[in-house]
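Laid out below as structure tokens are two forms of one and the same protein chain, each shown alone and named structure 1 and structure 2.
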Structure 1
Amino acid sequence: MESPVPHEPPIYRRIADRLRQAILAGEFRDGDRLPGENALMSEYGIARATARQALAVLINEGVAVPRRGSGVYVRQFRPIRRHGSRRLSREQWGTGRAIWDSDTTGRPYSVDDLTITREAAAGEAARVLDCDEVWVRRRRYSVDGRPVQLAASHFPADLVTGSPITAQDTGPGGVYARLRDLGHAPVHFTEEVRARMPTPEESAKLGLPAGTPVIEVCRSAFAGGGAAVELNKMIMDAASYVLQYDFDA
């Protein structure tokens, strides 16, 4: 009995593969414009719908991004490897290092859109922190000049009012070192992770191409005795991250 002939991928897939290989080979760099529908139609003798499908494959993979009225452009970005336990270790923030130094490993990063407000505790923050009012630190993180994460940290107001946690610059080691200074150093963290599609506001702030999902991480920090001292909600560009968790058997 003859072996079955391997099924050849559809033409739009083969074109997408060739474009991807060209990107990996350095023929197209980050921000370069890819051949448009007309160029692909001429080169491969295909219909416009097929050319559109080929470009859509790269857009859906996060390799390229469409710009209305301009074309499709390469979107190369080396993913951030986020090590769940290492970045939150006492050895990191307890010695005055930012937990983001663990994520970026020398790559330049920045924080903007920082707001610090005192608000009534609501929803999950009220439930987890068991308080009536919270201080909330909202900010956006960028790596290599690209927005990658939105974060909103909630702290019990009675615990942190008057401390550097309510100031723009929290000092070496960040908020966890300052919680330690207040006598409430975190000793345990819990993170819940889920994937979803972004809201319009999240898409705009992160500059996400259409169809790009986000990773939502909700982290609770607990001090000795089990009291919750922070609830942090993070929204990440899913195409910009690799989440790493190590476990002993």
Structure 2
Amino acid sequence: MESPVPHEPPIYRRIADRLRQAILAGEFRDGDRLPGENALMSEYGIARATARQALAVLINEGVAVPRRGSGVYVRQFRPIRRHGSRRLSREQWGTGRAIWDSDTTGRPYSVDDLTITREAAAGEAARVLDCDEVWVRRRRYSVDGRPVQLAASHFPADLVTGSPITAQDTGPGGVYARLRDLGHAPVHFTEEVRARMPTPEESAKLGLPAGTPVIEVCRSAFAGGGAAVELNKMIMDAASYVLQYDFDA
């Protein structure tokens, strides 16, 4: 049975709702400081823990971000637009800086922590690439000095050992151009997109505040014969990305 009277939400929720409303109404803008714990305590006559609870709601929603010793602030967004299909067209392979360029459209970016290792294939990589040994290129991308994406590209060891794909610099056009040189040019791609809360490790590597989900994109690249030649697992700060896919009926 439904209760005929919808009972009132708890105080902390009403406060959070009111603050959220004020943010949406533009009373607080991106980066503005919100009323802090002390302000809420005196304004509403509540205990400290209750004020914290109200702010925690907004923080866990990703609407606000706390800064220690300073205050709680309205969160700012400036998403990167990432084109799913256009960016992987063959024409792109010839350009100097590989695929990543077509994402940021002029904004400065950088690559951190590039590591290249040979590993035993595990789980999804073993299944999709259908092999036992893989080369893995892991790296982190930053835009405007902020880390936004972790990526791990897996290649069948049989295919790429000895090629520039296992070197720091893959040369003009990136790994897809090199796969083409090896006679395994990708002709088809599949991307699987999920969203979830980050693991603590991802959260640390991307410097994510609480309340920020990650978008997980798992891309498989297939050569002409239908064999998978790359599996790229990407973890993106959801607040920094808009994924765009174009296709025809």
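Residue numbering: sequential along structure 1, first residue numbered 1. Source: prediction; values computed, not measured. Basically, rigid core = biggest C-alpha set you can superpose within 1.5 Å across the two forms.
Asker: Pick out the form predicted on its own: structure 1 or structure 2.
Answerer: Looking at both copies of the chain, structure 1 is the one that matches the description.
Asker: Of R138, Q76, A122, A25, which is at the hinge where one rigid part rotates against the other between structures 1 and 2?
Answerer: Comparing the two forms, the hinge falls at Q76.
Asker: Through how many degrees does the small rigid part swing between structures 1 and 2?
Answerer: Value for the rigid-body rotation reads 34 degrees.
Asker: By how many angstrom does R33 shift at its CA between structures 1 and 2 when the core is held fixed?
Answerer: For R33, the C-alpha ends up 6.3 Å from its position in the other form.
Asker: Would you look up how far the C-alpha of V65 moves between structures 1 and 2 when the rigid core is overlaid, in angstrom?
Answerer: Reported C-alpha shift between structures 1 and 2: 2.8 Å at V65.
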